[in-house]
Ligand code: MAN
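One chain comes next, on its own, written as C-alpha cells: the form predicted on its own.
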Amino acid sequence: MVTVKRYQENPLIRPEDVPPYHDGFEVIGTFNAGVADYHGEILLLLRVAERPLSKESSRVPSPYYDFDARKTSVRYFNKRDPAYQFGDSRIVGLSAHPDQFAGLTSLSYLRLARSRDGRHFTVDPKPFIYPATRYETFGIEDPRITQIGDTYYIYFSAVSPLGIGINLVTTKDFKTYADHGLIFSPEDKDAVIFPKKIGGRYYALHRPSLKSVGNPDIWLAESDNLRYWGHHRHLLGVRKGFWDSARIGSGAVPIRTADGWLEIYHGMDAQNRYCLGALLLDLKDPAKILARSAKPILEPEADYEKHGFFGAVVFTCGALVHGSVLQLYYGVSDRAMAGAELDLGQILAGLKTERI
C-alpha cells in the first residue's frame, strides 16, 4: 500500500485566488498544471479556465479565440434552440452529434505560478502561453513539461473546431518561447515526452481519442528530433472491472528509476471517477511493460477531490523527485490544484507484486 501525504495547505491554488485576465470574465478553474524545477523555484504552469459573466439566463456564452481578428470573442447560444444540448456545463453540445460540441463555456490558457517551498504559490498576473493559432480557437489545456538539457519542452492540448491535437513550444527562461506547432494531430491528447533518449531516439506516450472503433488507450511513439513522430504502437489498454476500465491517459513525465521508467497515469471508471496509478516500463525498451497498478496509488478521497466543477477527479500533469520522495501535483475536480508526497520505494514495491 502506498502512503499518500496530502499537503495541509490543499487546495494550493483555487480559482478565487487568481484574478481574471479578461475584463468581464471570472476564473472557474486553476488546475492540471505542468511542473518544472527552474533555478530553485517550483513552477506550476496552470491551466486557467475563464468564462464570461452573464446575466442572461436564456443564453449560454461561449468564449473563443478569433484567429482572423486576433482577439478573444464570445458567441452566445440560445437555450431554446433544439440544435444544441446544455446538459454538460463545460460544453455546448450538438443534438445531432452527441459526441461533438459547438463550443466550450470557458476559455483555457496557461499561466505560471511560482513557489520556493512547493506549497505556497504566487500566480503571475498575465498568461505565459495564450491561444494564438487556428488550432487553439477553443483554448489550450493540460500542459506537460519535459526538461532536456537547458531546454524545457512544453506541450499541451490545442482545442478547436478542427479537433484536439498536441502543440509543442520550447523555452529556456520561462519568459519567452518558440512555438513549433502541432506534433500530434487530432484527435490526440495526454502526451508525455521521456526526459532522455533511449537507444538514440526520443520516445513519447500519447492517447489517440478514437471515435469509431477501439478504446481511449495509451500509445507509444518515437522521434529523431522531438517534432516529427512515428513508429506508433499500442502500449496499454483499459481493463474491465478495474479502476481504469473506461479511459486511460498519461499523466506525469516518465521518471527514470533503477527498476524501469515509472509513469504515473490516470484512469477513469464507468462512474466517471478519475484515479491515478503507476506503470513500469523497461529502461531500454519502453514498449515492454514490466508492471501496472492493480489498485490506484491516489484516488479522490478528500472533500476538495470529490466536489468541484467536475467531481471525483484527481488528474496529474507533473511531478518532481527528491531522493525517495515523489512530489506530486495534481488537479482536483477540474477546479483547483493540490499537492501530495508519496514514497517512490512503496510505489515500486507495490508494482513488483502487481505484474499485470
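Here the structure is a predicted model, which is why all the values come from computation and not from measurement. All residue numbers are counted from 1 along the displayed sequence.
Note that the form predicted in complex with the ligand isn't included here; everything after this is about it.
Exactly one residue in Ile154, Met268, Leu236, Leu104 has a non-hydrogen atom within 4.5 Å of the ligand in the predicted bound form; which is it?
That would be Leu104.
Considering non-hydrogen atoms and a 4.5 Å limit, which listed residue (Ile183, Ile164, Ile129, Ala246) is close to the ligand in the predicted bound form?
Selected option: Ile164.
Taking Arg47, Val159 and Asp334 as the candidate spot, are all three within 4.5 angstroms of the ligand in the predicted bound form by heavy atoms?
So, yes: the whole triplet contacts the ligand.
Is the gap between Ile91 and the ligand in the predicted bound form 4.5 Å or less for some heavy atom pair?
Yes.
Do Lys189 and the ligand share at least one heavy atom pair within 4.5 Å in the predicted bound form?
Flag for Lys189 set to yes.
Close approach of Asp259 to the ligand in the predicted bound form, 4.5 Å, heavy atom
Heavy-atom contact with the ligand at 4.5 Å: absent for Asp259.
Could you tell me if Glu222 has a non-hydrogen atom within 4.5 Å of the ligand in the predicted bound form?
No, no contact at 4.5 Å.
Just one stretch in 96-104, 79-87, 224-232, 111-119 has heavy atoms within 4.5 Å of the ligand in the predicted bound form, so which one is it?
Flagged stretch: 96-104.
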